[in-house]
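One chain comes next, on its own, written as structure tokens: the form predicted on its own.
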Amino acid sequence: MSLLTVRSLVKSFGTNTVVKDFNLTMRDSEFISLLGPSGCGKTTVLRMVAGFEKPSTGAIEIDGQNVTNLRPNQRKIGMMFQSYALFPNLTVTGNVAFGLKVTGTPSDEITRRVDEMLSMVGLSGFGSRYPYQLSGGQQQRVALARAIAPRPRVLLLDEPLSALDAKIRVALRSEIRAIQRELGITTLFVTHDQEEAMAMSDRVVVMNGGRAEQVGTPDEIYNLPASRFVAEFIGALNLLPATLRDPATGHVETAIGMISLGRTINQSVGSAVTLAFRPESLRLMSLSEPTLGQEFVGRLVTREFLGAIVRFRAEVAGHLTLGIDCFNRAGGTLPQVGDEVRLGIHSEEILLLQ
């Protein structure tokens, strides 16, 4: 069932159009992230869904009701802000109870619901404290409890984790996702952090220049990018210019030699294309290993130890540099900078960008 529907949304500020023909349909209980660089329009979309900004054109429906012209308090949404936005003069209990009091919830129900929410976010016993007595992570938990206490139809999260340090951010994102699943709240999340979006979401909307470049599962966005922008924005990517020589077999000519993609390419002979592949798709191969799809020789020029991953850069064809990611294995032996290495990749792991 569709719970949130956004149709042909456009938002202009004077002559500057920041959201352009944006469309999205969210299923009940789905978690979707709006992901993109600063200025791409993702926060403006969220603010229009919340009712803080009015669309220039387009429509927003929540649970079958057209809410485009309704005020925020008429939409039955929950909002969690980047800046926490807790009331400093209210205790934790007062903050969590605020939305319930506004809607006229009976006092005994408020007490029960506040206790339930604080238990859910791991803050039982913190009800009498004030925001200044809490850490950043605890304040965000209060903000989450306040947002979900009125049982909203849609939960909106506007980069709520960006002000926290890395370890707390990872822990809190897992808690938010677990709570969202437990309560089954349809959730729209804005972030510029690719890892957050990919880890938390059922689907991701990659935005660029006010438009949705691609909507898909994290796997689809990463492995099957729909455009060059998505391919380059999500994760690391090696790019290799090429010229199409045989459309039927997918043979292309590159600076490192002929490569066969093993599939038909619907372009004419001589067309300029770009091959793209992830650093983890390249294999460092020993001399004894059999040939792996496409193969070429390079010389390692840099080596970065990143814990679970060791990241190399290899110079090939005298001037091109390619990234290679390898798993770090205790006791394993990896090559060093200056070593000449065999590099291999399966043809199906090579994307064709136009």
Partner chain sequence: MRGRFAIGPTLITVAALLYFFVPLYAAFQFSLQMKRGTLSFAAYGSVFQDGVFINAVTFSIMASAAAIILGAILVVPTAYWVRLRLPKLRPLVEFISLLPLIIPPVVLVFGQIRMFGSSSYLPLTTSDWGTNVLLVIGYVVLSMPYMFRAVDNGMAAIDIATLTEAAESLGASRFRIVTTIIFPNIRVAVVSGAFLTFSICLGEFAIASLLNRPAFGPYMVQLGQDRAYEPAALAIMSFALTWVLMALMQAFAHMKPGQKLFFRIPFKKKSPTP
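Numbering follows the first chain given and starts at 1. On a predicted model such as this, the values are computed, not experimentally measured, just so you know.
Note that the form predicted together with the partner chain isn't included here; everything after this is about it.
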Answer with yes or no whether residue 190 is in contact with the partner chain in the predicted complex, where contact means some heavy atom within 4.5 Å. no
Tell me, yes or no, whether residue 311 is in contact with the partner chain in the predicted complex, where a contact means a heavy atom of each within 4.5 Å. no
Using heavy atoms and a 4.5 Å limit, would one call residue 90 a contact residue for the partner chain in the predicted complex? yes
Can residue 296 be called a contact residue for the partner chain in the predicted complex at 4.5 Å between heavy atoms? no
Does each of 277, 303 and 326 have at least one heavy atom within 4.5 Å of the partner chain in the predicted complex? no
Contact with the partner chain in the predicted complex, heavy atom within 4.5 Å, among 223, 107, 135, 267 goes to 107
So the partner chain isn't shown here. In the predicted complex, which residue out of 209, 150, 235, 216 has a non-hydrogen atom within 4.5 Å of it? 150
Option from 174-182, 67-75, 249-257, 192-200 whose residues, in the predicted complex, bring a heavy atom within 4.5 Å of the partner chain: 67-75
Contacts with the partner chain in the predicted complex - residues in 25-55 whose heavy atoms fall within 4.5 Å: 47, 52
